[in-house]
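Given next are two forms of a protein chain, the same chain in both, each as structure tokens and marked structure 1 or structure 2.
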Structure 1
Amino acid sequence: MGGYIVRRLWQMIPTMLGVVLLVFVLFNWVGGDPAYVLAGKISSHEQIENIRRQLGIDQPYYVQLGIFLKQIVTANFGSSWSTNEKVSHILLTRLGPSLTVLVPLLILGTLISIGLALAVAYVRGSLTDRMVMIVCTVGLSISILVYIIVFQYVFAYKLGWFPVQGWGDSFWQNLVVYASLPILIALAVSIAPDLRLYRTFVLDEINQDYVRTARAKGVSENRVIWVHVLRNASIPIITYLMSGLPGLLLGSFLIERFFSIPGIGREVILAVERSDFPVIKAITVYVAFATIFTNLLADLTYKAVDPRVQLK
């Protein structure tokens, strides 16, 4: 196990170098000259050259790449072009609100979707199964914007159960008061596709030979579904969850924007609107690293769930 982890960590280095090189090329050759972005429409040639000198983009490309690598190693991407706030401070302060919403969402969404998928698989082929699939299809056809508008109108304006916007310094207040409605909306959006997918994983396992053998030995249907089938269906479920985990931070930008949650997703939108390259580059690199790390975590989780999995 230890040797496998060391090898995987070693393999991350060339992968991250490739990502860094791609980001560097995109921001330097495709993204345009940042000096013109900072200088504005009305600026002189001297002002633009001064900004280029301050940013270091008047240096050769290999020097700029070295500066970029140093920023990544030291986790110091400088300051935001728009607010002059340290990029590291921006990410640290925005990560907490995002996790306040996403961690409960991930836990509740996974448990509810798996439980419903197993229950639907238990009555597979019945009228209940068909009705649940129809409801999921309808849910998939509705835009998240519709969910946000309807839930805000019903639960916030009409019933007054939740505030529409706000965020404080208390973790429990944020979780219980301000994050409850966003989590509820995100659950309504995510359960339908997750349920359909997990149901497919479960049904693929139900028809396997080991299930027939367990039934022939007299094992109850509940134990077959909730123990044998669930263990083997958890492998693709883990793959799906881990592959989408880093994207959750960025994929929640609509929720964070509509509810004024000061998280990573909203910060990405603001950075794009302002052409704030240091913030965008930092988030891009960290999301890439998180994606590589969660792939390793997924492999280790396979081994924990099913000891028959061999890590080589």
Structure 2
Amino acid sequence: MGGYIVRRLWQMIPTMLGVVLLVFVLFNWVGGDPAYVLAGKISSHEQIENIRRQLGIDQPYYVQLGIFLKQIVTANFGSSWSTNEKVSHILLTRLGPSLTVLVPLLILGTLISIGLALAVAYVRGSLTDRMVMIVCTVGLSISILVYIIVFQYVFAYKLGWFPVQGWGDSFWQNLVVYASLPILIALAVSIAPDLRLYRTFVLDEINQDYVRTARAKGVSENRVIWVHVLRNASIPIITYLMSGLPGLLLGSFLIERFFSIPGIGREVILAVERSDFPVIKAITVYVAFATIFTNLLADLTYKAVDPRVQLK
């Protein structure tokens, strides 16, 4: 086990370097001279030269890459180009609001999807099952934008049950007042695909021999479903959940944008709109690193929930 973890950590290094290289090539080479972006349209030659010296892009590429690596290791990406706020400060302060929406969403969404998936798979092939699947397919086809626009209009603007948008200072106020409609919308959007997927996971297990054995020896139906089937179906579900975690941080960017929640996702959109390269670079690199680490965690959890798995 220990050897396995060490080997996996060792294997991560080339991937992480690749991510750094990709981001570097993208922003320092493909994107052209950042000095022009930063200096704006009206700028003199000296100004451009000054900015180039400040950013270090008058240096050869390998020196620039060294600077970039140093920035990543020390978590010091300098200041945002548009607000002059420290990039590290931006990341830390935006994490809280994102998590305020994400954690309840993740818990509620997982519980509801698994519960529904078990129920639907239990009555597989019936009219209910087919109806739920049709609703899921159609629901998935409607753009998430339409859901957000319509829900925000109806529940916040017309009916006034929730504030249209905003964010406060106290955690509880944020969670109860401002985050509840965004969470509800995100739930409505995320349950359909999760339910479809989890249903296939449950269906893979529900026809197995051990289920028939359990029934044959007189185990109650509740125990068969909630203990025998769920425990085995949870293996792929957990892996799926884990691997999607870092993406979730950004996945709610539309929600954050519509409801003016100052989270990471909204920050990415703002940064792209303003060509704020340091912020995009920092978020891209760190989210990619987080993904690489959670992939390892996912494999370890896989081992933990399923003792049959051999880690190689």
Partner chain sequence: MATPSATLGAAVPRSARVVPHTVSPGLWTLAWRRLKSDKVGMVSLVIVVLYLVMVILSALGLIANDWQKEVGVNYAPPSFLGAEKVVAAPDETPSVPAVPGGLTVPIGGGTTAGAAGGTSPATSSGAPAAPAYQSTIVDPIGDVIARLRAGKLPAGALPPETAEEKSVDPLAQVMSEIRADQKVAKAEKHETRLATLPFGGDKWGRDVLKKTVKGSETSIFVGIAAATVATLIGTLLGAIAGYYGRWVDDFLNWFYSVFSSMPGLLLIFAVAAVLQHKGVFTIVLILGLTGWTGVFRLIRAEYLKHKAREYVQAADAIGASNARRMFIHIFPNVSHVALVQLSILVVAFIKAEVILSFLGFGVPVDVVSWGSMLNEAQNELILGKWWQLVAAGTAMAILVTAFSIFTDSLRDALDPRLKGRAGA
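The term rigid core refers to the most C-alpha atoms you can superpose between the two forms while keeping them within 1.5 Å. Worth saying up front: this structure is predicted, and the values here are computed from it rather than measured. Counting starts at 1 and follows the sequence of structure 1.
Chemist: May I ask which of the two structures is the form predicted on its own?
Modeler: Looking at both copies of the chain, structure 1 is the one that matches the description.
Chemist: Core-aligned, is the CA shift for L91 between structures 1 and 2 2 angstroms or more?
Modeler: The answer is no, as the C-alpha of L91 shifts between structures 1 and 2 by less than 2 Å after core alignment.
Chemist: Superposing on the rigid core, does the Cα of I225 end up 2 Å or more away between structures 1 and 2?
Modeler: Yes, the C-alpha position differs by at least 2 Å between structures 1 and 2.
Chemist: So, superposing on the core, is the move of L159 at the CA at least 2 angstroms between structures 1 and 2?
Modeler: Yes, L159 moves 2 Å or more.
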